[in-house]
Structures are given as C-alpha cells and as structure tokens.
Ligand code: UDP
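A lone chain, given as structure tokens: the form predicted alone.
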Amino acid sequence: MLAEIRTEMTESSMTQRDKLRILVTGGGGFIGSHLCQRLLDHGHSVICLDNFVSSSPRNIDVLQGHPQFELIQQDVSLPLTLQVDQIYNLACPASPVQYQLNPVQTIRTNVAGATSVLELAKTTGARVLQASTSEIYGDPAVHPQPESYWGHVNPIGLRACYDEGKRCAEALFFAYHQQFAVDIKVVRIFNTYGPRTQLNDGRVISNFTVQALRGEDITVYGDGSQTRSFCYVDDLVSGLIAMMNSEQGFTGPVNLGNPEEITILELAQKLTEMTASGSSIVLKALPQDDPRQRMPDIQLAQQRLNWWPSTTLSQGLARTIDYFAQELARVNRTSPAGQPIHSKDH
C-alpha cells in the first residue's frame, strides 16, 4: 500500500508541472504506447514516432483521435526536425525473435537512432531519456545487478546486435552529455510485461500465456531453474516518468524492474494454474548466451526517484491473461486455424 501511495505522489506532482510537448520514439510499441497514453492523461502534447517494423498500429488506435496526439511514421535513425521539450527514446525491437531477424538494422536503430535523438536534443535543448536494457549486463557474474556492474556480454554472439547496440547507445548519451552538455537520463529496463504485447512477441510471459490459452505444450528452455524478475508495464511507465522529471544533473543509469525473483519453471506452473490449462510443460535445449539469472538491484531508483513496483506478479499476470484471451479471440475470428507460438527467449 505504501508503495502505491508513493507512486501516486510521484505522478500527481507531475500533473502540476507546465504542460509539455513530448516526443516518444517507438511510441507505437508495447511500452511506448502505454507511456504515450499516460503522458496524454497528464495533459501533455505527445508526438509518437514509429515505423511499426516490430510493433502494431493497433496499440495506439485508442489515442488516434486525441487532440494532443500526433503520429509520425518514420525510422528513428533519420534526421528529426521538431520542437519538443522532452524526448523518450524507446525505439528498438526488444524481443530476441524480432531483433535477431535483422541484426544490422537492430544495431543501426540503437546507434543511429540514439545519435538522431541526441542531435535533436542538442538543437532544441530538450531533455532526452534513453531506454536502455538489463541485457547490457549479459549473463551476469554479479547478482542482483547494480548499476555499477559492467556486465558479462558476448560481443559477437546472437544477442550482440541488441546488447552491444544498447551499450553503445549509453556511451553515446554520456558522450553527448560530457561534450555538448545535453540533458540526458538513462534507465536500464528489466523484464516488463502486460497488455499490448504481441501474440508472437517471443518473450517468456507472452509465450507461456498464449501456449497455455491454446492448450499447447509450454516450452521451457533448459531445466527451468534459470531465474527472472518481471515488472508490470504500469509500474515501469511510472518509473520512466519519475526518471525523466528527476533533478537536474542526475543522469543515471538507473535500473527499473521488479526485484522479486522467480524460476522459469515456477512461472510456467503458475501460468498453467492461472489459465486452468491442460498444457504440458516440455523442456528443450537452452539457447546460446541465455542468462542464468536476471534481477535488478533497485536501491538507486528507490532513493533518488522514490520509485518501486507495486503490482504483484499475480495481479499483473491476471490482467495480461485477460488481454491475451481477448487477442486470441479476435485473431480466431479472422484466422480460425491460428499459428503456434515458438521462441528461444526467456
């Protein structure tokens, strides 16, 4: 309850600020669309930039008629000429299934996209936030992962296009801050889930939920003993906004995620129970460079942002299950056969 009150206080203080013109790159994505909606609810004008390569325009259907919402369909790596007060840079495929399809474009999105938003920030004086990732820690030798940990990453592996792309984007942000005094904020996002995730997203909660609802085998890679921690999207968005509006000069990076750890096998069992599914759990080989442990140390976010997640895993999963059940019903109306969900990501 205390966590909920503190989160509400952080957001209510935001609503008292002057209304801003805010650019959200990747605003049509899973997290980006929730962020756009929250910013509009706070009374800001929002420009959503997305090329919809890895996201769906359906995510922002509900926003399209809003008088303070604008959509620009464009690749983030192209030059930007806008007048804005704040920039949230969320543009990049986040699922291994998506980013491994075109590793060169993934690196370009991370590096050229970061350069593009930083140049815009330098020109306009806007504050710019980089949505980095827990993947920069790789398969960690330190657990839980604090921001001071430099990581354990394979620079030429299957995940390198995303991991190293995000690491380079962080380096670019700090270089622009040091050389040109650009006002930056950097967050490292840990596993996040919730409504508006695509059915074929390829990450573990969407995979397990869709498989369970379809009555298919639930595919667990490895022996299921690897651990993750999962943050509900509403909590994550609150953290992004808190970081963007934190004190001048506090750049981060800051971990945003849920510090409650669960094994992948336990997650599969929990979702099977919550969906009342008859699915069997099937073990398969662990993919290359799949981390054994992933959990954030969020002490810095607690101390400097007064933020921590308040949605329990059971609460968040219930809302996510409802969403996927509705999505499957919609898809089945247009394509009754459906397609099985496969992934190698946890």
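The structure displayed is predicted, hence computed values, not measured ones. When you see a residue number, it is the position in the sequence shown, counting from 1.
Below, we refer to the form predicted in complex with uridine-5'-diphosphate, which is not included among the displayed structures.
Contact with uridine-5'-diphosphate, judged by heavy atoms within 4.5 Å in the model of the complex, is confined among 82 to 90, 136 to 144, 225 to 233, 165 to 173 to 225 to 233. For T219, a non-hydrogen atom is located within 4.5 Å of uridine-5'-diphosphate in the model of the complex, even though that partner is not displayed. Using a 4.5 angstroms threshold between heavy atoms, T251 stays clear of uridine-5'-diphosphate in the model of the complex.
Contact between V76 and uridine-5'-diphosphate in the model of the complex is not found at the 4.5 Å heavy atom cutoff. Residue contact check for N191: one or more of its heavy atoms lie within 4.5 Å of uridine-5'-diphosphate in the model of the complex.
Relative to uridine-5'-diphosphate in the model of the complex, residues R159, I264 and R294 are all within 4.5 Å by at least one heavy atom. Of the listed positions (L286, I281, V53, L313), a single one reaches within 4.5 angstroms of uridine-5'-diphosphate by any non-hydrogen atom in the model of the complex, namely L286.
In terms of contact with uridine-5'-diphosphate in the model of the complex, the residue from N207, N110, Q130, N258 that brings a heavy atom within 4.5 Å is N207. Within 4.5 angstroms of uridine-5'-diphosphate in the model of the complex, the stretch 90 to 121 places a non-hydrogen atom from P96 alone.
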